[in-house]
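Below you will find one chain, with nothing else, as structure tokens; this is the form predicted alone, and questions on how it binds or moves follow later.
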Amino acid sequence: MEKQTLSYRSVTENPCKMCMPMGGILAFKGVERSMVLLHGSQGCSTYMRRHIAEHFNEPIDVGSSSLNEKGTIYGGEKNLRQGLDNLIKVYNPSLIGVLTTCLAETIGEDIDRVASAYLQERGQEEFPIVTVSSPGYGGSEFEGYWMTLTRIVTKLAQKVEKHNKVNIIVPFISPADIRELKRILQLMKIEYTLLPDFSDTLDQPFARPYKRIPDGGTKLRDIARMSGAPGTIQLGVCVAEGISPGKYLEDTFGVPLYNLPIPMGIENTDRLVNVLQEFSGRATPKSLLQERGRLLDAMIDSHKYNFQGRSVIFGEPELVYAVTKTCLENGVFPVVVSSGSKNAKLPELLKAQLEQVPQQMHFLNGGDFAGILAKSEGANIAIGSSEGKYLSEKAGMPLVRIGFPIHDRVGGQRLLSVGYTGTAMFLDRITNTLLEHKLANYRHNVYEKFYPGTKTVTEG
């Protein structure tokens, strides 16, 4: 029997993904003084605001053109113009992102033309309105996120003289992860432009008075100068060329591209540190080497528990790849690996890695939770967003929460999982979840094995 199987389902039931505009909003939130307008019905922006606010526990403002029946029939240009007027009046942003929804795309709205005509009539042709075609049926939040970043770079990057600030383009990781990446860059003495930077905008310190647009985000002038960088480190090995901002900078301005995975685990973090060494010309700092040693020590401490782990891993492709690699390094062998996106690169990236899995492993490309559950026999831990509570409810599988969204716990924005230190913390979460589940069920399992039908004290 083949150890790996690749599956597709013709019908989606309880998908483990979100729609494209969700990813686009998250990308725009990492740009300084930006605001987002969804061209579609009011319900779309309300749903997405609530979804994001519940994860970050922060107020999230998203504008809407509020398309209704009349706009759907006769066109929504009037609504879009009115929405832009209101957004500028209320927020006075430095950049506006316009994302389409299913409704606007279905009726064929030309948002590029509307935005261009709107600025021309106001005499503000230089004001940056970044338009993104992002129907919910066009892909997942993964494609929406990376397509938006590419549109931002395409719109703002200008031909400039060469300088020494390295471009760092990140996938959707937590604000705590971004702060850890910035700390590593500072330790390595790297000057950088990081895009997008939502380490403050989506994880704000408490302050008064309330600001409609929070401080922070990648500066527009820094994005404009990304074309003169000595190189681009893009943490996006699963990203297709057509939605890759790093590839655009390489093709248009000749900026060398280093495509790396999210730095989780020993191997992937080593890859990032080695590339940073190339840029800095300096040896790895002693403090970073000590962190690496502590991670190795943590792996040794926990291996006797982790080898019993059999995991279900799900989420967007970049995170799935990074988590799978980390699990393989620690013996938490996958039973099911699933991405809600139908990603062309992820199966090939995982193919060689999963040859070391001792049992049959199922990879679901464009998978859903019903499909995951059907293939998860033998798994005893799930790793992914809080949407995976479905697996806990249906199969009693404990869930280690990582990624987006996390709605049934607080602190999703503070979860640290990258770098040597973050990996050690993530590994502790996995190990302690396995231990808690084992100890909570140990007595029941013993009685069931040796005295079938006997109830334990905890069962009443």
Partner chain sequence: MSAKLAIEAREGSIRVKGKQKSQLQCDADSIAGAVSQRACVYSGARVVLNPITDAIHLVHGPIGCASYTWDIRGSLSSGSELFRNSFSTDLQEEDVIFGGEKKLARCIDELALKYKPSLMFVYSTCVVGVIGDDITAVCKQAEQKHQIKVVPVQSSGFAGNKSAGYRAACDALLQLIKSEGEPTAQSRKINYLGDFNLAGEAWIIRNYLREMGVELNATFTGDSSYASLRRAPAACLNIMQCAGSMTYLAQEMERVYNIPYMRVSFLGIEDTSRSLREIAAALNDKEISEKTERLIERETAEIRSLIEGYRVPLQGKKAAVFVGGGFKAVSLIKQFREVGMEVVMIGTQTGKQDDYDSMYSLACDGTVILDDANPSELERFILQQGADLLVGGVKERPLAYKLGISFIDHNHERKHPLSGFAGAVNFAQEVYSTLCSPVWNYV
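Being a predicted model, the structure only gives us computed values, none of them experimental. Positions refer to the first chain, counted from 1.
Not pictured, yet referred to below: the form predicted together with the partner chain.
- Message: Using a 4.5 angstroms cut-off on non-hydrogen atoms, would Y390 count as touching the partner chain in the predicted bound form?
- Response: Judged by the heavy-atom cut-off of 4.5 Å, Y390 is in contact with the partner chain in the predicted bound form.
- Item | Exercise: T431 in contact with the partner chain in the predicted bound form, heavy atom 4.5 Å | Result no; T431 lies far from the partner chain in the predicted bound form.
- Does the partner chain come within 4.5 Å of any heavy atom of Y210 in the predicted bound form? Answer yes; at least one heavy atom of Y210 falls within 4.5 Å of the partner chain in the predicted bound form.
- Query: Might Y91 be said to contact the partner chain in the predicted bound form, defining contact as any heavy atom within 4.5 Å?
  - Reply: Looking in the predicted bound form, residue contacts with the partner chain include Y91, since a heavy atom lies within 4.5 Å.
- Among 257-265, 72-80, 187-195, 150-158, the region lying within 4.5 Å of the partner chain in the predicted bound form by heavy atom distance: The contacting stretch is 72-80.
- Message: Check for me: heavy atom within 4.5 Å of the partner chain in the predicted bound form, for each of S311, V323 and G331, yes or no.
- Response: No, none of the three is in contact.
- Task: Could you check which residue among S280, Q204, Q353, T252 gets a heavy atom within 4.5 Å of the partner chain in the predicted bound form?
- Result: Among S280, Q204, Q353, T252, a heavy atom within 4.5 Å of the partner chain in the predicted bound form occurs only for Q204.
- Residue by residue through 218-248, tell me which have a non-hydrogen atom within 4.5 angstroms of the partner chain in the predicted bound form. Going through 218-248 in order - heavy atoms within 4.5 Å of the partner chain in the predicted bound form - there are no hits.
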